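Before any questions on binding or motion, here is one chain by itself as structure tokens, the form predicted on its own.
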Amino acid sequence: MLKLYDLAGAETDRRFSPYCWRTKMALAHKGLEVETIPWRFTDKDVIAVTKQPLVPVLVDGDRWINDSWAIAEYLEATYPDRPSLFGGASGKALSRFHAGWADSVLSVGLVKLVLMDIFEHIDPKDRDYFRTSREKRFGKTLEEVAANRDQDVLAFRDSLLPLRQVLKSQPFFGGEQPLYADYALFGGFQWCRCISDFKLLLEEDSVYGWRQRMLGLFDGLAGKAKGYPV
């Protein structure tokens, strides 16, 4: 069976990495069974074979693959007889854009809204590392980053206009059915659902409806995961 190192909080079953969620949804899309192994920020020695410090890391026999995009490419190439993640070369190119937009726009907007919630849920052994690394990244304390989230969420909702434009005419970014483009975007929303009860979306928002559809995929894989009501 495939194995996936999957970021966990203080509670072993609270799995919240957006990138791990991209991979878990991709594996489910392919119909591949996987054993998820809880991993914490300070468990870097466990994945040292990959010569980098981040999850997801997929283990397939003697192959260790890191990075969610690289894992998606690996799954597509290694299991071509199973449903395609991209729907062809053009779909792969478009999925690369969606993943990049999720990294550079979506995640940047989301992290300010849930940073303190993440800190409160991670394993105590990870807290010094998390605070030091994130405060260095932002140039301010975690508390300062999150201080204006009631206002910041308004700008975040405005930033989702490109997503709404697409969802006017189709239920998923892959069209009538989800593809990797959907999983790349959904990872960020699932990250927040697993770690925070802060209200990101209004129920009348088409992005909210899309997120609900994503939560129900694969027998509710994401919707049944430990998290908060959305």
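Treat the numbers as computed from the prediction; the structure is a model and nothing was measured. Residue numbers here begin at 1 and follow the sequence given.
Keep in mind the form predicted together with another copy of the chain is missing from the figure; the text below concerns it.
>> Taking 4.5 angstroms as the heavy atom distance cut-off, pick the stretch from 54 to 62, 24 to 32, 194 to 202, 179 to 187 that is near another copy of the chain in the predicted bound form.
In response: This holds for exactly one stretch, 179 to 187.
>> Between 156, 74, 86, 130, only one gets a heavy atom within 4.5 angstroms of another copy of the chain in the predicted bound form; which residue is that?
In response: Of 156, 74, 86, 130, the residue with a heavy atom within 4.5 Å of another copy of the chain in the predicted bound form is 86.
> So which of 138, 79, 119, 101 reaches within 4.5 angstroms of another copy of the chain in the predicted bound form, heavy atom to heavy atom?
Replying inline: Partner contact (heavy atom, 4.5 Å) among the options: 101.
> With the partner left out of view, is residue 166 within 4.5 angstroms of another copy of the chain in the predicted bound form by any non-hydrogen atom?
Replying inline: Residue 166: yes, in contact with another copy of the chain in the predicted bound form.
> At the 4.5 Å heavy atom threshold, is residue 161 in contact with another copy of the chain in the predicted bound form?
Replying inline: Residue-level check for residue 161: yes, a contact with another copy of the chain.
> Would residue 111 count as touching another copy of the chain in the predicted bound form under a 4.5 Å heavy atom rule?
Replying inline: Residue 111: no, not in contact with another copy of the chain in the predicted bound form.
> Does residue 146 reach another copy of the chain in the predicted bound form, with heavy atoms at most 4.5 Å apart?
Replying inline: Result no; residue 146 lies far from another copy of the chain in the predicted bound form.
> Can you name the residues of 80 to 106 that have a heavy atom within 4.5 Å of another copy of the chain in the predicted bound form?
Replying inline: Result: 86, 87, 90, 91, 93, 94, 95, 96, 97, 98, 100, 101, 103, 104, 105.
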